[in-house]
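Here's a solo chain for you in structure tokens, the form predicted alone.
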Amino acid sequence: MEQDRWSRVKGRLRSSVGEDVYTSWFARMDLEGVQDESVRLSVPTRFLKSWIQAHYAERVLSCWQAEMPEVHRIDLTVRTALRPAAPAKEMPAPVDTRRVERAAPELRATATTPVSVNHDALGGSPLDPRLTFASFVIGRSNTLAHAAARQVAEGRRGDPVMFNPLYIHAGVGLGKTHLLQAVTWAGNSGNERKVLYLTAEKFMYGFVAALKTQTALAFKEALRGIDVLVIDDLQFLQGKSTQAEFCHTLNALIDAGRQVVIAADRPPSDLESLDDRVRSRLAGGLVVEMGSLGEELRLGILKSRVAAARAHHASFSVPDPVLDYLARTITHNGRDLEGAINRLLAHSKLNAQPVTLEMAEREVRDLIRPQEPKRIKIEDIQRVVARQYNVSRSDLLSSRRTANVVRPRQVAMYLAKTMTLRSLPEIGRRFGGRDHTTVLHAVRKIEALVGKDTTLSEEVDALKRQLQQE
């Protein structure tokens, strides 16, 4: 009897919302039972539960009432052995027709609460409570990235978007994730905008999971309802279908005036695994590089971490000569600096000894790495070569074949092949869309000339030195 009614209710739902929406949201909803004035239904994921409660609760209730007028409440739960249903206190109030006027605003509030619904239902990546703007140390290498991130975080719903997407790139441990999580914390604190932080891996996982559970349309709709989408480690985004979905989501959000913030370990043009359309859209926003940490900034980070440690260990102290030593010798990234402070704290507390320079030298010796050669970029090569030969960068990328442009272009291609890890096709693309055979010809030509032309050999050596020093 109950199942017959449930079949009729599902038919009403299908007619009411349409086949596509029904398939996305209701096809996997099951009837658990009917008791007095209440109907108990279940769905397989918290995501479906949250979305249905926020957007379709009254629709489901009205369809039930068409079959059973005495029903006044719908209870929706999550059925799974792996993830128990959310505690009752986290569930939005059930819809009761005797107080629909009061229930509807509550449901709308649930749909727009970023932390509780968006981060949980969409599977947002975990946030570290320490990574806020208050704990971010500003220096010359990250000033612009910090200012742009603050501007995004302080925006309000309906404000015009100044730059979209905001794309921040830097090497490991230079503060990208810190800034992105700071944007998320700040945006969510006001409860006005929906801000979602996802790693590229989590985005891929969410999309694949939605495909498996036949909720892909729902996943897309939910993502495109975000006010600020924050994606970390974009370089790890793999798979043609996932990249295509990311491209569609990116375009939909930007076209709708929503903010997108992205971080990766290289500029958009160097993400060779991504589709050209995605790279082009990313490059069309504000692209900001966070440079390596200067000694002054490293010292500021160390002092900040010591102050944070002293909040829990009041007796912990690091003398200035030790901080200067650490700032001078640990040059790789901010995580190594934090690791050094943690080691000193552990040694000081466990051995009940004050921090000394001798102890610091012993405890952090493995963090002092040999200076790595600078990572040269093709843009740097083009800029330095253009300056050396008194031509413009656009000349190097153009189709001009005059002698004063051809030779510098060949030198720049040769340096790009010998000083970077870029492939011949990638170098050709970065030099005005040339074929890889053109690059190979230029490389062989300069290699041959350098062996017998002393002047050219000296010029090339000088260019290499400039690139390593800049």
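Every value quoted in this text rests on a predicted model; they were computed, and no experiment measured them. Each residue number is its position in the shown sequence, starting from 1.
A second form of this protein, the form predicted in complex with ligand ADP, is not displayed here; the remarks below concern that form.
Next item on the list: Tell me, please, which stretch of 301-309, 376-384, 349-357, 151-159 lies within 4.5 angstroms of ligand ADP in the model of the complex when heavy atoms are compared?
Entry: Result for this chain: 301-309.
Next item on the list: Could you work out which of Gly206, Gly225, Pro268, Gly334 is the residue within 4.5 angstroms of ligand ADP in the model of the complex, going by heavy atoms?
Entry: The residue from Gly206, Gly225, Pro268, Gly334 that makes the contact is Gly334.
Notebook entry, point to check: Which one, Leu344, Leu282, Leu174, Val230, lies within 4.5 Å of ligand ADP in the model of the complex by heavy atoms?
Noted result: Contact with ligand ADP in the model of the complex is made by Leu174 alone.
Next item on the list: Although ligand ADP is absent from this view, report whether Ser135 comes within 4.5 Å of it in the model of the complex, heavy atoms only.
Entry: Within the cut-off, so yes.
Check: Is Lys194 close to ligand ADP in the model of the complex, meaning a heavy atom pair under 4.5 Å apart or at it?
Finding: Contact check for Lys194: no, nothing within 4.5 Å of ligand ADP in the model of the complex.
Margin query: Contact with ligand ADP in the model of the complex for Leu293, defined as at least one heavy atom pair within 4.5 Å: yes or no?
Written below: Yes.
Checklist line | Interface membership of Leu297, ligand ADP in the model of the complex, 4.5 Å heavy atom rule | finding: Leu297 belongs to the contact set for ligand ADP.
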